[in-house]
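In the block that follows, a single chain appears as structure tokens, in the form predicted alone.
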Amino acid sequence: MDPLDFLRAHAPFDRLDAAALRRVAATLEIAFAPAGAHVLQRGAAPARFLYVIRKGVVRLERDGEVVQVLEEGDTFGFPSLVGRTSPLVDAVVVEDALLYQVPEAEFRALVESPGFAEFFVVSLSERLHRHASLQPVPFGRALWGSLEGMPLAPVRWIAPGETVQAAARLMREAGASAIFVEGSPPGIVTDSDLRVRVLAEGRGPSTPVGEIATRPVATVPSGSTLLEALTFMLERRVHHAALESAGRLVGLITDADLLRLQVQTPLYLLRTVERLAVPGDLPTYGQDLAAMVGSLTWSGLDAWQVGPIVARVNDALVARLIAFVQSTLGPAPVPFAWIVFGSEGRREQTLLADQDHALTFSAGGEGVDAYFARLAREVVALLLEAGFPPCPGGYMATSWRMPVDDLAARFRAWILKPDPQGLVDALNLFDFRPVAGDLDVGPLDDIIAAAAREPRFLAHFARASLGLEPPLGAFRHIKEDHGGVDLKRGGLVPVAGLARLLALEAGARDRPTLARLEAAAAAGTLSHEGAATLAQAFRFLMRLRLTDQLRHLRAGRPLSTLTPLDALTSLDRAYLKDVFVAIREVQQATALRYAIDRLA
């Protein structure tokens, strides 16, 4: 590869136009530096070049401490060049190096290019944010479009004293599935209301429509995006979203409107799940979910935005499977809750993953455990049919099934008497979220929140949370394992662990990692800069991982936990290394903060 092609493939030169690249290549000097050579020395004369490593390894040191290890494609020397000051670090060649040297005059010309200069002067979190915002959004990505530009049907109104028959007739004539009801506040009646609140309850056609209307009407601003309307419907499990402007109802969007836009929406899959033929339709669930995720990603959503939508659809599936099993098993003898945890509990799952769930109920008793044992066994079997692998650690309702008082006692024991297994259990279950059943599990949340007042537990929890580290070698280069990097274990889990720990100390009850980081920054258990860096790192890693997973699916290959570095762009590889280094630095600071080295 000639120098021009090499530079074009590496940041920040990949941001230059063709003319600037040719000018750099024309002025480039090539130098060989043997192992042990000092290319720059701290306190010596200012650098005269921007150095680009073509081959070899260079280590930056300060007082003998390794600051950073640089590899092929990395640059160094720019702080000294920019400030025309002595280097702040030594640059020592570790492995024989071939260096491309960009002269100072040419470097100063290049920094006039905003994209080139940004690489050197903007913080990591800001660079990641800008990088994400620059990802191409193809024409026609409808989810980001405004509702104001959509051809929606005119708003229909009816007086509250009119009959439901008149309302049904008006809706039929308008081809509408909902109608607004006059009054203060105004109300809404949908076709579902006519079935559930009139026909199912034996009411007659002369029933005043005002008696069955829903008031007040939940609304979204008329200037919202299609995505915001979609999220509104998913969160409320409705098929309509009323539009509001200046305090007035001005329109209505339905799931049918979304389908007309040929958007492969989660609402479509949600409706399919709610009408699922069990077990006949289960084997295609994973494919349908992957298609939806691919569509959402194509529509411009980032991976961290896809997670909550996937969680909502998976929740509906679990509820559907429980209802199916109960159709033969009968109603539950006591109130219960099916809870999920791990990434599903945090709403950060993007594709099918291991089952992580538990079943808790208000009280034990004769026949109670037998009922829930069978419920758990049959629901787990159906989830397997739908494509959810079993949890390797055994965190499934077939094993984790007990009265809520017993589960609460375990939570307290993990906090008051932390032991290794209890801490592992806490790392999993403290992300819990109820998805089905009618049991109030709020008291469990209270117990977790109280852990903020237990410094001994926090210290042990910190050590457990720091168990996984980024895959960096002794010289801070990225280590591949069996031909790839595990972005989940090496990046996402460490960030999620830091967020969980620091939010717990802050007394926050949030589950999603990004919300926890915000809560930690607001409470002062994490700096705002640290929170911003980890948040952007988390988004970056989720995007890389989902992109690689979707690439596997499109190629018809099974999903892999490993992402090959050579599958990434040079800029993504450079950012990945920076992200791993940033995560490790926060982990090291956290270890000092909780003094985990003093624990027995």
Partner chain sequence: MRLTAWRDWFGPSTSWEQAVFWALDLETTGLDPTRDHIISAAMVPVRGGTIRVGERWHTYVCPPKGVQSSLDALRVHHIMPRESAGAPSLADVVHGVDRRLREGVLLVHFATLDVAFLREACRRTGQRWIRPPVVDTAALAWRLHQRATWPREPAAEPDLGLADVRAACGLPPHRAHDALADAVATAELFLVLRSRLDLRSLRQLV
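These numbers come from a predicted model, not from an experiment. Positions refer to the first chain, counted from 1. C-alpha atoms forming the largest set that superposes within 1.5 Å between two forms make up the rigid core.
Below, we turn to the form predicted in complex with its partner chain, even though it does not appear here.
Within a 4.5 Å heavy atom cut-off, is Ala25 in contact with its partner chain in the predicted complex?
Within the cut-off, so yes.
Just checking whether Pro34 would be counted as a contact of its partner chain in the predicted complex - the rule being heavy atoms within 4.5 angstroms.
Pro34 belongs to the contact set for its partner chain.
May I ask you to state whether Lys55 is within 4.5 Å of its partner chain in the predicted complex, using heavy atom distances?
Result yes; Lys55 sits at the interface with its partner chain in the predicted complex.
With a cut-off of 4.5 Å between heavy atoms, is Val334 one of the residues that contacts its partner chain in the predicted complex?
Judged by the heavy-atom cut-off of 4.5 Å, Val334 is well away from its partner chain in the predicted complex.
Exactly one residue in Asp281, Asp440, Glu385, Asp96 has a non-hydrogen atom within 4.5 Å of its partner chain in the predicted complex; which is it?
Comparing distances to its partner chain in the predicted complex, the residue within 4.5 Å is Asp96.
Considering non-hydrogen atoms and a 4.5 Å limit, which listed residue (Gln101, Ser177, Thr272, Ser222) is close to its partner chain in the predicted complex?
Looking at Gln101, Ser177, Thr272, Ser222 one by one, just Gln101 meets the 4.5 Å heavy-atom criterion.
Going by heavy atoms within 4.5 Å, which of 558 to 566, 532 to 540, 47 to 55, 545 to 553 lines up against its partner chain in the predicted complex?
Within 4.5 Å of the partner lies stretch 47 to 55.
Is the shift of Ala33 between this form and the one not shown large enough to count as movement, that is, does its C-alpha move by 2 Å or more after the core is superposed?
Passes the 2 Å threshold, so yes.
Superpose on the rigid core, then tell me if the C-alpha of His10 is displaced by 2 angstroms or more between this form and the one not shown.
Comparing forms between this form and the one not shown, the His10 CA shifts at least 2 Å.
Please check if Ile583 moves between this form and the one not shown, taking a CA shift of 2 Å or more relative to the superposed core as movement.
No, because once the rigid core is superposed, the C-alpha of Ile583 moves less than 2 Å between this form and the one not shown.
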